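Given next, in structure tokens, is a single chain: the form predicted on its own.
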Amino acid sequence: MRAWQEAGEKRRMDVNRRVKMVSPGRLVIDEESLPVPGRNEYLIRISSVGVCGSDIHYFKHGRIGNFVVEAPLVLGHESSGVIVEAGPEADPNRVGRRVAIEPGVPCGHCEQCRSGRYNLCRDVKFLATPPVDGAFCDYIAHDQHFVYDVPDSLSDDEAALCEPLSVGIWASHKASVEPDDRVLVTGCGPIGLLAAQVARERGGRVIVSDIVPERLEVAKSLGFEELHDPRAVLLEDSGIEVDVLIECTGVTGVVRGGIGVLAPAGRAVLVGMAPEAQQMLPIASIQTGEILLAGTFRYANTYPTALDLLLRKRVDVGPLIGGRYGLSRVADALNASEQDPSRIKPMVVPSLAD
């Protein structure tokens, strides 16, 4: 007999609604049997899922860099939920708890995993990354070691946004942001705004840059005073000089411009991923300035820090949230930010009546 939560958790029906992308721009909703949790897994009822830029890229282009959608795929990887059933070797005492779901489950055995760099595991299974289905659905089964208890003081939406916040935490970690570092964050999408808040929390003096006025206004509402609009003056003509670049757009011209305003011995971290796999970089500037250039790929061991930052109100995700959509409106959620740039982070809520 399944260990369903006694207080308030009712099994609606023995089906799991899933929103699948069958081709770029085309979604369908189907119903399948509920996932059966594996040995170390929980069955989790999804509460909230943030729409990520990667979801939008897959939806519009069918690929991001080397990641190509070749079969129907359930999108969505920024998620929170409630544990409703424990697998045979998962801790049954956590049934009923609200959790933030870290979407990547590594193999745990390879050299990268053993070195603590599990984000670089070649055999990681990451939600909504082909061919692994994501969380735009009612239920998922997920490894017990990659779900984190959420206190009642945090909302389902905040718990889900531990995922993009983790990207921001990892970016500052890779850039070694220190107090009084001058930090330029290019791109005021959700990752950029979260990365900027993390860099500020670490003591950095942060400049944020974007071409979208609505997003610069959100940055201003979050307390950022140094705002740069490349439409008025290009980065390379702005007179800005910084110690750290956290690049969150993936746009070749922005990457080049950001590297161009780094002081000698500056550090550049490339976070944003473009649909194309190859880009041109200003190698001469990187060499003559002895610029340290790093890529970032997801994150490792960041969820406890993300939860702590949210609990202590050191990072505010509220101004980013732009609308809540049920499963039948996932296409609207995926198009929302393009139609209204102030909707920075649309949220998909499976329980929401459409």
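One-based numbering along the sequence shown. The model shown is predicted, which means the values in this text are computed figures rather than measured ones.
The next section is about a form of this same protein that is not shown, the form predicted together with a further copy of the same chain.
Comment: a further copy of the same chain is not present in this chain, but in the model of the complex one of 264, 131, 213, 151 has a heavy atom within 4.5 Å of it, namely 264. Only one of the listed residues (86, 274, 240, 82) places a non-hydrogen atom within 4.5 angstroms of a further copy of the same chain in the model of the complex, and that residue is 274.
Contact check at 4.5 Å (heavy atoms) against a further copy of the same chain in the model of the complex: all three of 170, 200 and 270 pass. Figure note: of the listed segments 42-50, 324-332, 308-316, 55-63, the one touching a further copy of the same chain in the model of the complex, with heavy atoms no more than 4.5 Å away, is 308-316.
For the chain shown alone, residue 38 is not a contact residue for a further copy of the same chain in the model of the complex, no non-hydrogen atom being within 4.5 angstroms. Shown alone here, residue 178 lies within 4.5 Å of a further copy of the same chain in the model of the complex, counting heavy atoms only. At the 4.5 Å threshold, heavy atoms of residue 294 reach a further copy of the same chain in the model of the complex. Although the partner is absent here, residue 139 lies well away from a further copy of the same chain in the model of the complex, with no heavy atom inside 4.5 Å. Residues 279, 280, 281, 282, 283, 284, 286, 287, 288, 289, 290, 291, 292, 293, 294, 295, 296 are the ones in 279-296 with at least one heavy atom within 4.5 Å of a further copy of the same chain in the model of the complex, listed in sequence order.
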